[in-house]
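Here we start with a single chain on its own, the form predicted on its own, put down as structure tokens.
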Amino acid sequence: MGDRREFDATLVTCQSWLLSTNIDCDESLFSQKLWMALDRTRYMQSAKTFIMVDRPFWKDKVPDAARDVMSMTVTDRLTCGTYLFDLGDDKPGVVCLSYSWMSDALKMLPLPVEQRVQLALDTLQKIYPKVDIKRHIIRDPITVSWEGDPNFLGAFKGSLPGHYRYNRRMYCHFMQRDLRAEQRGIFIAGDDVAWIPGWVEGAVHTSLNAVWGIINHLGGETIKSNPGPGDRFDELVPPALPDE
């Protein structure tokens, strides 16, 4: 507490809502239109529950059949998505018992990890009545609900109809030639700034944009044979809507 440092440029990669909640951020750093875009970003709820198991038992074969006793499972039941991870037949594995989103994730939010595990196991028992998952568990389970974490407030961005203008404002912010002096030098990146939300590709795209912006802000430039995103911005910029 009380430590103060000054930098010529700053790259912010946290969820944008944190800039108006957990982080004391001067309003003059962004235009009101950009603040609107940041605040209207829509984050999706999501919950995951993991268990570690003694071995990848799901590879066992059904008697008198060629198929595995269990496989990756996508269902409209409580678990929504169940995923299986292993490092070899003779090594412990991990089961993501449940990966759910939005209203399905909210069903899990108030529940402790033990109850989440039991509900997931009960659901999977109905789908795989002959598979005893519980007897393979060797470690305490782990669970996460991103919307319940004060440093996330949601798992990932999910744009709504009409959000094109907000996406464009955030995505194009790294081009700061037309910004006021006090708004230059802070750059944003992450999947919630990207055109492709919820995936690492969008985070990488916006990070590359921001790095170009920082280089340009500090007086640097890319080599002519390998132009950066800002060098080709006027050619590739997403079209603006009439009210922008």
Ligand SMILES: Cc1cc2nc3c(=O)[nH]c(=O)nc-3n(C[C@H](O)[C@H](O)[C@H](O)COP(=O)(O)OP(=O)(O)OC[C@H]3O[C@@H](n4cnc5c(N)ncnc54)[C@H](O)[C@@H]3O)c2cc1C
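These numbers come from a predicted model, not from an experiment. All residue numbers refer to positions in the sequence shown, first residue = 1.
Beyond the structure shown, there is the form predicted in complex with the ligand, which is absent from this document and is the topic of what follows.
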ask   = Since the chain is shown here on its own, which stretch among 172 to 180, 27 to 35, 43 to 51, 212 to 220 would lie within 4.5 Å of the ligand in the predicted complex, judged by heavy atoms?
value = 43 to 51
key: Contact label in the predicted complex: A105 to the ligand, heavy atom within 4.5 Å   = no
task = Spell out, yes or no, whether the shortest heavy atom distance between T13 and the ligand in the predicted complex is within 4.5 Å.
result = yes
message = Taking the ligand as it sits in the predicted complex, is A9 in contact with it (heavy atom to heavy atom, 4.5 Å or less)?
response = no
request  = Check whether A155 has any heavy atom within 4.5 Å of a heavy atom of the ligand in the predicted complex, and answer yes or no.
outcome  = yes
note = The one residue among S159, Q125, N151, S71 placing a heavy atom within 4.5 Å of the ligand in the predicted complex is N151
key: Triplet D191, G198 and A203 all within 4.5 Å of the ligand in the predicted complex via a heavy atom   = yes
request  = Could you list the residues in 15 to 33 that come within 4.5 Å of the ligand in the predicted complex, counting only heavy atoms and keeping sequence order?
outcome  = L18, I23
